[in-house]
Structures are given as C-alpha cells and as structure tokens.
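Next up is one chain by itself, shown in structure tokens, the form predicted alone.
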Amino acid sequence: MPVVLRSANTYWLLVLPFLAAVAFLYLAPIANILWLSFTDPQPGLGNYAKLATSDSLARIVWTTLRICLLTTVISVFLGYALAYAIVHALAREQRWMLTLVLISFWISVLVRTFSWLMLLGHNGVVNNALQATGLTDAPIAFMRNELGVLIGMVQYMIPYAVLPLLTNMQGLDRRVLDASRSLGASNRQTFLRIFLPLSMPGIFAASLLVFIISLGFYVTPAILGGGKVLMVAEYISVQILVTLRWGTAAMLATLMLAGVLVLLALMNRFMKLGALFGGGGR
C-alpha cells in the first residue's frame, strides 16, 4: 500500500472514534427531541397543530420574535457605533476599548441580570437619579415588562455584535476611503457611500449572530420579565419541569432549531458565512 494511503488510513482511524462520539452526543439527543415532538403524548402532528389552534402559544412565539428582532436592531446599531469608534481610535485607546468589550464576556449573565435588578428597580439607582434631578415625579416601571427584558438582552448582546463588525471594519481597504476624500467627498459622504456599504457584510454577520443567540435567552427574560414576558426558552422549561408536556417542549425546540438552520442556509446562499466570521470563505 502506498505511503500516502497508509497515512490517510491512520488519520481516519484516529479521528473516527471522536467523530462517532460527537455524532452520538449531539445527533442522538436531537433525534430524540424530534421523535418526541411527533409521538408525545400521541403519534401525529398534534403538537405542531397547537401553533394554529393555541392563541397563547402563538402569542409566545410572536413575543419571542419581536423581542429578538428589537434586540438585534438595537444591539447592532449600538455595536456598529462602538466598533466604528474602536477602529478610528488610537492604538492604545483601541486596546483599552477592546479589553473593556472582552471583559463583558467573562461576567456571568446571571450576575449581569441581577445587577440590572439593582439599577432599574423602583428604588434603584436609575429611578432615584431621575427623581432627584426632577426629570420624573414617580418611579418608571423598568422591570417586569418588555422594556426591562430588552435593556438586559441588548446590554448582553452588544459585545457579540461588536466583534464581527470590528473584524469587517478592520479588513476594509483604507486606500479606498482616502481616495474618496481626495476626490472631494466629505467625511459624511465617504461614510454613507463607501464605508457603510463596505461594512454591510459585517452588519449581516452581527445581525445573524445576535438574533440566533437571542432566540435561546432564558435567564434574562425570566428575571427581568418577572413572569409577565414569556419567551419560548422559558416556556420550554415550564413544559418540561412543571406541566410535563414533553411533546410541546420538543416541538418548540425543533422549530427553533429548524428556524436557525433555515436562517443560516438563506444567509449562506447570498454570502459566505465563513468569510463573514473571519474564515476562508471560498
């Protein structure tokens, strides 16, 4: 047997056990969830039919999509401004700003969420400051509603929006921007006609990443929403732990997974996702 073939066979003999373990640990649970969605409590499409017949279920799905979309738009908008500032800062300032962005990844989502409870509560720092300065006469209801959930989710997701935007902006050819200015375009025209269109792949990548992660949010809506803002992830937890309707929970989990896969496929059809996130893209 040629040396090259022997080397290839040895490689696959070493890798196959790990591939089999990954396939078993990931694909088997997913297949089980898919199976439960069609068989529990009775075989058929009953669980999926609830989407059309259950007003409460449709409302939860719509609430989840609405909050995720708003979180995506706000996070990407603020992340774009932050990434733009980092790219145009001096080298030392860039390091400090990037460090502050990365530090947020090391803080638990639970800690951040409880911090917002202290800040946005009726007697929290924000309401006390607003009343002390005379801007409001009574505490504003930041908590136990969608506003509180949005604030918590946007704060958590901004770093996820910044990183792909920053990667995209750092890869732009500055000579194109310099050529625009040398031809008489103002800074505003250069930004709107050159910089913004060239950074659109980064905006798409950041939007995709933020929206997909937002779909699975559980802790922040559960705490800041106070039970009044029910999203799909929390509803799945209730179905599994409280009402024991595993079929309904499996159906929602299957839909979330299918939605993410479809979204990725659609995005990959129009642009190379590997290139968007810094990979080869060819």
Partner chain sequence: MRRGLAERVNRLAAWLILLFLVAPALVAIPVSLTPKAFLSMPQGEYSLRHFIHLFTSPAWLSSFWQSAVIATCATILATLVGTLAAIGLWRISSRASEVVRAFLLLPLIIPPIISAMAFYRLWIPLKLLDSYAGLILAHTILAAPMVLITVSASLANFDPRLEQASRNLGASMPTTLWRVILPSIRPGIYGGAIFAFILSWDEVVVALFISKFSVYTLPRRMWNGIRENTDPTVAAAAVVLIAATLVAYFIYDIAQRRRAAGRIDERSNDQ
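Positions refer to the first chain, counted from 1. On a predicted model such as this, the values are computed, not experimentally measured, just so you know.
The next section is about a form of this same protein that is not shown, the form predicted in complex with its partner chain.
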query	finding
Candidate stretches 112-120, 164-172, 199-207, 134-142 - the one whose heavy atoms come within 4.5 Å of its partner chain in the predicted bound form	112-120
Residue 193: touches its partner chain in the predicted bound form, heavy atom cutoff 4.5 angstroms	no
Its partner chain contact at residue 216 in the predicted bound form, heavy atom, 4.5 Å	yes
Its partner chain contact at residue 27 in the predicted bound form, heavy atom, 4.5 Å	yes
Any non-hydrogen atom of residue 51 within 4.5 angstroms of its partner chain in the predicted bound form	no
Output flag, 56, 73 and 176 jointly within 4.5 Å of its partner chain in the predicted bound form, heavy atom basis	no
Interface residues of 236-252 toward its partner chain, as seen in the predicted bound form [heavy atoms, 4.5 Å]	236, 237, 240, 241, 246, 249, 250
